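There is one chain below, alone, in structure tokens, taken in the form predicted on its own.
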């Protein structure tokens, strides 16, 4: 998947949070103060799944929960896999099994037909239906490029984010549309991600910020960093934190955006940027964003997961792996202060995280060294006051 761009380092001129000194990892909890808003749910029970368990490859690019089949689809560097949650068995397909291309970089499932759509990194687009693969590429379809990063299904349409623009395929009409700098507000045409919901399609574009397409009006909106600076964030919360966007997730009328130079949120009126130096996300190098609600988003970074779980109070849970012991670590942070650190037997298999997927109360995480399932027994959203929280495998800190 994408490698770090050879650009100047971030030299952000930011207004930092006023934060108390962080507690050391071994420090005991401090007593809650008056007005304490509560603490978030923390995932402490994890399962790791690798090639030893049947995955075709441990480099995980894409994950899609499929509640109709009670399974999870997994795109890897060398094949497609399906994890059956009832039997806990894995089925897999490689090129010898009919998969048109070995690298599966994006997955979506059509809720009406059950068809599984696959973005193929170098091989175009595939549809997996009734045990058969249909292959779409530049020579037999309206796909603008065969390097496809992401795919999203909305209504009768399939949208593809490629390195040379976006393609839109109406399955019922068998009609293709192509969007590049010629007919869309793309200053660059390298599309990294796509998210579709509520009649809107959002594209994250290298060098062009976020593009929004309204299906009803056929009109575009363009979200850029308005200060015009590539190397610094000159003005706080004025738009997308950087024009090199790598992921976009739209949920509850809220836009979550990942970039290689920070992350941000937009509620339709106000922007908010997130940076590692403020103590939330563990890194500014973000591979993807996965929103759960208007309050929660999991950012997949090169140094672990930064999950903002309550936007209003700036409360985060950062999940990493101890490289020496391979234990899982979860840090609860608020406004840059570490409130609590938990350690558990295992967590994410590797700190280079490429994707996250919500599956009911559980969360699936794809890394460069395997797949993980965070089990949400007793899960609750946002925060709970200390006196109402209950213990469990993944409860309050």
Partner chain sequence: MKRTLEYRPWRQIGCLTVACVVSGLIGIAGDTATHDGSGPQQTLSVAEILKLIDVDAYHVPPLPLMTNKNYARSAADVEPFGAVKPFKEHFLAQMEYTGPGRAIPEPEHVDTVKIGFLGPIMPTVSVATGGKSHEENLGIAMLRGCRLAIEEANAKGGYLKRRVPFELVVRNDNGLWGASGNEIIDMAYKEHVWAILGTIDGANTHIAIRVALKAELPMLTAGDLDPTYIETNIPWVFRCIGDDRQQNYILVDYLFRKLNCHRVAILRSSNRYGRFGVREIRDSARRLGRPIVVEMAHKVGSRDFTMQLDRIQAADPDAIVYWGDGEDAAHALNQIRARGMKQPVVFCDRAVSDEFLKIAGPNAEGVVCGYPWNPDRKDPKLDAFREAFKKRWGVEPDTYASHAYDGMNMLIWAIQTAGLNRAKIRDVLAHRPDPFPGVTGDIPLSAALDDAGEVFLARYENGRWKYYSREDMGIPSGPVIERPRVEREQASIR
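Residue numbers count along the first chain shown, from 1. Worth saying up front: this structure is predicted, and the values here are computed from it rather than measured.
There is also a form predicted together with its partner chain; it is not shown, and the following applies to it.
**Request:** Report the residue, out of 321, 107, 158, 166, that has at least one non-hydrogen atom within 4.5 angstroms of its partner chain in the predicted bound form.
**Result:** Partner contact (heavy atom, 4.5 Å) among the options: 321.
**Message:** Within 4.5 Å, heavy atoms only, which of 90, 234, 294, 171 is in contact with its partner chain in the predicted bound form?
**Reply:** Of the listed residues, the single hit is 234.
**Message:** Looking at 67-75, 114-122, 129-137, 248-256, which stretch has residues with any non-hydrogen atom within 4.5 Å of its partner chain in the predicted bound form?
**Reply:** Going through the listed ranges, the match is 114-122.
**Message:** Taking its partner chain as it sits in the predicted bound form, is residue 340 in contact with it (heavy atom to heavy atom, 4.5 Å or less)?
**Reply:** Close contact is absent here: in the predicted bound form, residue 340 is far from its partner chain, nothing within 4.5 Å, heavy atoms only.
**Request:** Determine whether any heavy atom of residue 350 comes within 4.5 Å of a heavy atom of its partner chain in the predicted bound form, and answer yes or no.
**Result:** Residue 350: contacts its partner chain in the predicted bound form.
**Message:** Although the partner isn't part of this model, could you tell me whether residue 227 comes within 4.5 Å of its partner chain in the predicted bound form, counting any heavy atom of the residue?
**Reply:** Yes.
**Request:** Answer with yes or no whether residue 364 is in contact with its partner chain in the predicted bound form, where contact means some heavy atom within 4.5 Å.
**Result:** Output for residue 364 is no: heavy atoms all beyond 4.5 Å of its partner chain.
**Request:** Select from 98-133 the residues with a non-hydrogen atom within 4.5 Å of its partner chain in the predicted bound form and write them out in sequence order.
**Result:** Stretch hits, in order: 101, 102, 103, 121, 122.
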